[in-house]
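First, one chain by itself: the form predicted on its own, in structure tokens.
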Amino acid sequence: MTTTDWTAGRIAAAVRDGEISAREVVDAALARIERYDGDVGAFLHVEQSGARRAAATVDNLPAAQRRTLPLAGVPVAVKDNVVTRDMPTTAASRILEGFRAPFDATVVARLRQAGALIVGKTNLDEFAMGSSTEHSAFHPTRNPWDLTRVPGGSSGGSAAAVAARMVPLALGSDTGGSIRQPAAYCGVVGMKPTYGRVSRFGLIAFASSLDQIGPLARTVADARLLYRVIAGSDPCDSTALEGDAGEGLDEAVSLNGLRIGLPREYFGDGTDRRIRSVVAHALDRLESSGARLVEVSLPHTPYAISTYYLIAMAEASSNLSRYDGVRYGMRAGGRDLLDMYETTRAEGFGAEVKRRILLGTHALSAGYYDAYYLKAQKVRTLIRQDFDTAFLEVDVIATPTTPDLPFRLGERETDPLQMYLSDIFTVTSNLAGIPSLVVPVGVADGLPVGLQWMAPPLADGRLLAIAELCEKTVAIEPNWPLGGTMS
């Protein structure tokens, strides 16, 4: 067994105790990346020298100090829309090609303080706009289970890196399911925390009221370990919540009598029968272990996708107006200032980003703001109220994560609407600001299936505890064999 088979918790404990050096761990991770990433395409940048310098720093610490580091010697990958002072940050867009930020995002600074070794930046759909990681300006990412299929998106690079055992932990960002959908497609754990529990300072904004950074890991215990490090208030982010982010992380829960809500709107005929079968089997196992399955209703769910895309695209059109060729990023030539703006944005942005900017600008324009954006915000409130009502009856909600299994590369390139529907079960958590987490619960036709858990706001600790019980009860090995060339 090599360290690429170990969990993050085991690696950190072994490095703290001197059982293995951080340099040995990072060398194993970098070797794995070199061997397999040519096929998978999870990374946009691999930081070999920086990771080895960080490992040497950890190894040279006095033993007493090293034992205080929760992520001592643990290799971590960071999605390339989270800024890092010593590596490029492109958001997978030509318009930021070669850009290097002068500072670390808060979450990156906290990783370094915890002893983590940042081995590189992972691929994504450009500016996190997509559900397949095919919309990167540089190259697509492939699913390690089947290299002909997508890993999901937009955090597909981070999910694939964890699934392929290149790293035990990765950071992603989730605007409408961009952590959870690729987690389900790649057979790993992915968590979207309560909005505001993790600082967004240093995250390149897509839709500011929806974006949230979160962990991807091979086990729930590892996801908790990473969440504990990155969560907490931040004076640099006015939306970051005050208070103890670690509250409830060590909460003891039991399946006996646990009320699990099953929203009838999430279990219809639109979901692949193979996914329904795997999810039903997992829920039966939980019920036989003492949980109570309670049908609930989230009646405004049918409006969630249209509500989400109106809000997300409107906020994106505003956030992306800063990429004009003046302050940073690429600058194209032009006859005058206006021509330079137009040429820079035309050459720098990809087709999906342009589509969303146009739709968002239209929704915010005079005469359409009330009809589209304002109405979407009102429906968003109703969706949040649906969850508030449901959580009066149940402790947690469980749903399928996606309506389908990972689709083939290129299969939905000409049908954006079908691509958008991949997020139909995940966008509601972002609209409501509640925590949600995906746990792999089975395999259908050789492809992984994830069960999504949702909890009330600020119940992140309870969510993790319940998800860990699910992980143990359903008895799915986190080290599933990988398909294709990865076996």
Partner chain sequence: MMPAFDVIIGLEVHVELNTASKLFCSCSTQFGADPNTETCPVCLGMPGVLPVLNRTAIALAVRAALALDCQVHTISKFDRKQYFYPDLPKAYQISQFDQPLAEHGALTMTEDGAARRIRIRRIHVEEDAGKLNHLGERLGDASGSLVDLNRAGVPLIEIVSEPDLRSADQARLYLTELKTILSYLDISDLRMEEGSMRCDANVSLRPAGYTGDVEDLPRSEIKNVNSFRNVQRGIEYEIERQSNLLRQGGRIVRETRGFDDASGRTYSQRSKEEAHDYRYFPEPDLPPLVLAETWIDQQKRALPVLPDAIRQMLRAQGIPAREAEVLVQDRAAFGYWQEATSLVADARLVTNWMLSDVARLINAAGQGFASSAVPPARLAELLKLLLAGTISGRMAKEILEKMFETGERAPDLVQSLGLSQITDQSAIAAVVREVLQGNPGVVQDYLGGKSKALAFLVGQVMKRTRGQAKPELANAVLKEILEAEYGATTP
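All values reported here derive from a predicted model rather than from experimental measurement. Numbering follows the first chain given and starts at 1.
Form predicted in complex with its partner chain: not shown, discussed below.
Of the heavy atoms in Ser318, some are within 4.5 Å of its partner chain in the model of the complex. Leu364 belongs to the set of residues with a heavy atom inside 4.5 Å of its partner chain in the model of the complex. The closest non-hydrogen atom of Tyr323 lies within 4.5 Å of its partner chain in the model of the complex.
When its partner chain is considered in the model of the complex, Tyr369 lines it closely, a heavy atom lying within 4.5 Å. Contact with its partner chain in the model of the complex, judged as any non-hydrogen atom within 4.5 angstroms, is confined among 412 to 420, 327 to 335, 155 to 163, 247 to 255 to 327 to 335. When its partner chain is considered in the model of the complex, only one residue from Ala72, Ala223, Leu171, Val83 comes within 4.5 Å through any heavy atom, namely Val83. Listed residues Ile204, Ala291, Val150, Ala304 were compared with its partner chain in the model of the complex; Ile204 is the one with a heavy atom within 4.5 Å. If you take 224 to 245 and check each residue for a heavy atom within 4.5 Å of its partner chain in the model of the complex, you get Pro235, Cys236, Asp237, Ser238, Thr239, in sequence order.
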